[in-house]
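Quick heads-up: it's one chain on its own, the form predicted alone, in structure tokens.
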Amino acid sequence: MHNESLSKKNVFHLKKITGSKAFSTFTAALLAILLGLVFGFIVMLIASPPNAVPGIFAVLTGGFRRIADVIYYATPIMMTGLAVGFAFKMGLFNIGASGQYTMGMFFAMYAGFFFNLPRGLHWIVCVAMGMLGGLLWGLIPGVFKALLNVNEVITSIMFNYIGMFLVDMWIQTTPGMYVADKARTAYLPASAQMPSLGIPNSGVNISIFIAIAIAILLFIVLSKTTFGYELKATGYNRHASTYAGMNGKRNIILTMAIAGALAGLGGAFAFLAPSSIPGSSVTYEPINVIAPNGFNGIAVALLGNSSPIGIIFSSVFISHIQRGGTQARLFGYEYEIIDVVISVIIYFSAFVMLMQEVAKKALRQLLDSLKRSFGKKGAEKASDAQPAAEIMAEPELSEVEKEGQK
């Protein structure tokens, strides 16, 4: 009986865990990743059957041989993922993270070239300027949305192009910032570069800790504060939240400004990173191409279900398979195979609710079968114990009845 009650208790706790939102989100993301990898393997199999197995193995394990690079490249897409995910929580689709990222990069680099500050203060001011640049670029679509009800998808995606062309023009026409014969920016001074973690041949720096701290702070703000509750309530139903006394227009503007600031920090973290070559730095080439890290942020946000904590892990995963994709070239595959895998993962992540329902249904069937199994065993034990109980419960004969039997 004790074992039976213990088993039922374990099933109850398992059902409670698997029924939680966090678990269903995790299983949905895991299923999307598995489907994406399977699809990528099929594409590899069609392209070059003999190399498919070692190729997909390189994709899955190549990042482990370049952990420092995985962390370095995960940091900016973590910030753009937070920018997209934070806006999602408000019911806004911030597809303009690329423009905000680029504008943040320009502001940070401008401060690096032209602000003459002490070494310990210079990089901090550059990071703050990057945040300011992204904030201003995110603020504009927010104002259009709040005051004129212009769809933020239209304005933010247009501002990707406007920001990219403006930054490229500003860089090429700013003396001391652009090296014309090399078609790139000059090297940043060492004082403007973020402190390195000291890992050889890598630009990984303290920005990864800042990014994780920001993600945790956002999680606390969204889940534990009145301000976060108001933002989410406005996202669920703008008119109902306004009727309840919340300032919907202000919340929209604040959300887009904060999202822009986060993406701007991503640009600052990417281009203020220290170079592994002494005397050099990360450079930018103004070639009229929208920053891919902004769109990678959309993938990170979808895979992490817009949760700040989930975005930390999804950004590391995306960076991991991207680094592995470079290893797949050794087996004759183009790097674009990773873009295919990530695209499929995004595609399935977009159906996260369907994935959750599928996972819940499968787990529910498993738990019900376990429950029936335990119940059947308990009934069998009860039927086996019944004759013995009847014998134990048989009434004793009186002295008169005993004499009569004799």
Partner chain sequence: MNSNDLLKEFIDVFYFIVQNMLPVAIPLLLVALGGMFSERSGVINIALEGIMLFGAFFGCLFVYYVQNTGLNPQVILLLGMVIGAISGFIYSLLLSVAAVNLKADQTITGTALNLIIPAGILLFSRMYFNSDGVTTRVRFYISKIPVLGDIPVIGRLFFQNTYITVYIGLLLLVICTIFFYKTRLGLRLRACGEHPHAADSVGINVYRMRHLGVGLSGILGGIGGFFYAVGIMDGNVNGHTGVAGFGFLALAVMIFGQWKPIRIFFAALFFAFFRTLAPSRSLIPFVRDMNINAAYFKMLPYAATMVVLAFTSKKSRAPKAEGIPFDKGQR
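Definition used throughout: the rigid core is the maximal C-alpha set that superposes within 1.5 Å between two forms. Residue numbers count along the first chain shown, from 1. Quantities reported herein were computed from a predicted structural model and do not represent experimental measurements.
Here the subject shifts to the form predicted together with the partner chain, a form of this protein not shown in this document.
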**Prompt:** Is there a non-hydrogen atom of V53 within 4.5 angstroms of a non-hydrogen atom of the partner chain in the model of the complex?
**Reply:** no
**Message:** Check N149 for me: does it contact the partner chain in the model of the complex (non-hydrogen atoms, 4.5 angstroms)?
**Reply:** yes
**Message:** Within 4.5 Å, heavy atoms only: does T27 come near the partner chain in the model of the complex?
**Reply:** no
**Message:** I'd like to know if N201 sits close to the partner chain in the model of the complex, meaning any non-hydrogen atom pair within 4.5 angstroms.
**Reply:** no
**F313, Y187, F93, Y178 - the one with a heavy atom within 4.5 Å of the partner chain in the model of the complex** = F93
**Prompt:** Here the chain is shown alone; which of L60, V344, L31, I67 has a heavy atom within 4.5 Å of the partner chain in the model of the complex?
**Reply:** V344
**Request:** Could you tell me which of 256-264, 327-335, 121-129, 314-322 sits within 4.5 Å of the partner chain in the model of the complex, going by non-hydrogen atoms?
**Result:** 327-335
**Message:** What I'd like checked is whether F41, A215 and V282 together line the partner chain in the model of the complex, meaning each has a non-hydrogen atom within 4.5 Å of it.
**Reply:** no
**Message:** Only counting heavy atoms and a 4.5 Å limit, does any residue of 125-158 reach the partner chain in the model of the complex, and if so which ones?
**Reply:** F144, L147, L148, N149, V150, V153, I154, T155, I157, M158
**Shift of V70 between the shown form and the other one at or above 2 Å (CA, core fit)** = no
